[in-house]
Ligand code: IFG
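Encoded as structure tokens, the following chain is the form predicted alone, with no partner shown.
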Amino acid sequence: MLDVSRHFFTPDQVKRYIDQIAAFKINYFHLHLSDDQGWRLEIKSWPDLTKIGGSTEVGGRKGNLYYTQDQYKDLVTYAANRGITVIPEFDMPGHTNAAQASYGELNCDGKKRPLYTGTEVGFSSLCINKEITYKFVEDVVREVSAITPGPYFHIGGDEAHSTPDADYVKFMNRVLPIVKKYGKVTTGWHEFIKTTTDTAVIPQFWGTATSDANVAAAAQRGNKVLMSPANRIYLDMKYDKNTKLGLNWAGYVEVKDAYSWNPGAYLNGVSEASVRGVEAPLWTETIKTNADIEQMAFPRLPVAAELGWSTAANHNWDRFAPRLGAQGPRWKIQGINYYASSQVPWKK
């Protein structure tokens, strides 16, 4: 997953990352296309989403910081040609300030919100009791689904701290059928799973604990779970206290930490049979360039690929680390700005 909302990345920058992940047989690419700081994809029925909401980012840089639908379709095709399916995400009902700054009618008081260029979360919410909210959601889902051949549509759903629980349930009860109407399977951050018993939807677990009653209950019903525990596989977590980029709210995640967990046995009550896969999200509050992406993703992204594609019985750090270290010369030739962790025996 790449967050293009906190900081925007051009199509060519995204293509560079797609090429890099393809080398490790990553087969899905989750694009985080909306947040408080920016709306990054043209929606023709709501043009101000990009005209206003796509005009800035964290730190306040100005510009046309969004993709046209044609540019998005080109990215989808580029990824597909490398065996990768794009999953679009539009976060809701929170993380929505960019949309609320673009259209006043999405707010309960009818007034546009100021554009936001900070990094704090949890303050925004669509107006749950206005019918226009659901017209907005349906228009977005309809337009994006039409240009997304992959099966999944990610609705976010995390950190909706400004949305009361009853309103959150009401919102999801309206939105989940909309996604299904347009032929997509809903995936979302794991909080949303408390609102539905539909076993077709996929919660993405991003917590730092090893238990979550709602996710475990969903798995027992038959839901598949996507594993992204932040203290193991979030690529924006600092490696250690000296790492200049990234955050550390979930702790420090050195390379061996990223390797030393089993996605099929991490969460209590969620067996390997219930795990749909593993995803390595890269949030970009502090990430501005491809070199920044590479510093945080390499070598931990190949670690995620190893966990996803090999059985738990074959996970052995002492055997894996030299194979990982053998990538170093290749990355140097490719100009990849990787983190030369002291835990890895890098080949010269």
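Just count from 1 along the sequence shown to find any residue number. Here the structure is a predicted model, which means the values were calculated and not measured.
The protein also exists as the form predicted together with the ligand; that form is not presented, and the subsequent description refers to it.
With a cut-off of 4.5 Å between heavy atoms, is Leu247 one of the residues that contacts the ligand in the model of the complex? It does: once the ligand is placed as it appears in the model of the complex, Leu247 has a heavy atom within 4.5 Å of it.
Contact between Phe90 and the ligand in the model of the complex at 4.5 Å, heavy atoms? Outside the cut-off, so no.
Considering non-hydrogen atoms and a 4.5 Å limit, does the ligand approach Glu159 in the model of the complex? Within the cut-off, so yes.
Give a yes/no on whether Trp283 approaches the ligand to within 4.5 Å in the model of the complex, heavy atoms considered. Within the cut-off, so yes.
Quick one: of Tyr152, Trp206, Tyr78, Tyr116, which gets a non-hydrogen atom within 4.5 angstroms of the ligand in the model of the complex? The option sitting close enough to the partner is Trp206.
Of these, Val121, Val275, Cys127, Val144, which has a heavy atom no more than 4.5 Å from the ligand in the model of the complex? Selected option: Val121.
Interface segment, criterion being heavy atoms within 4.5 Å of the ligand in the model of the complex, picked from 247-255, 210-218, 166-174, 132-140: Correct option: 247-255.
Hey, which residues along 232-252 are within 4.5 angstroms of the ligand in the model of the complex, non-hydrogen atoms only? Tyr234, Asp236, Met237, Leu247, Trp249, in sequence order.
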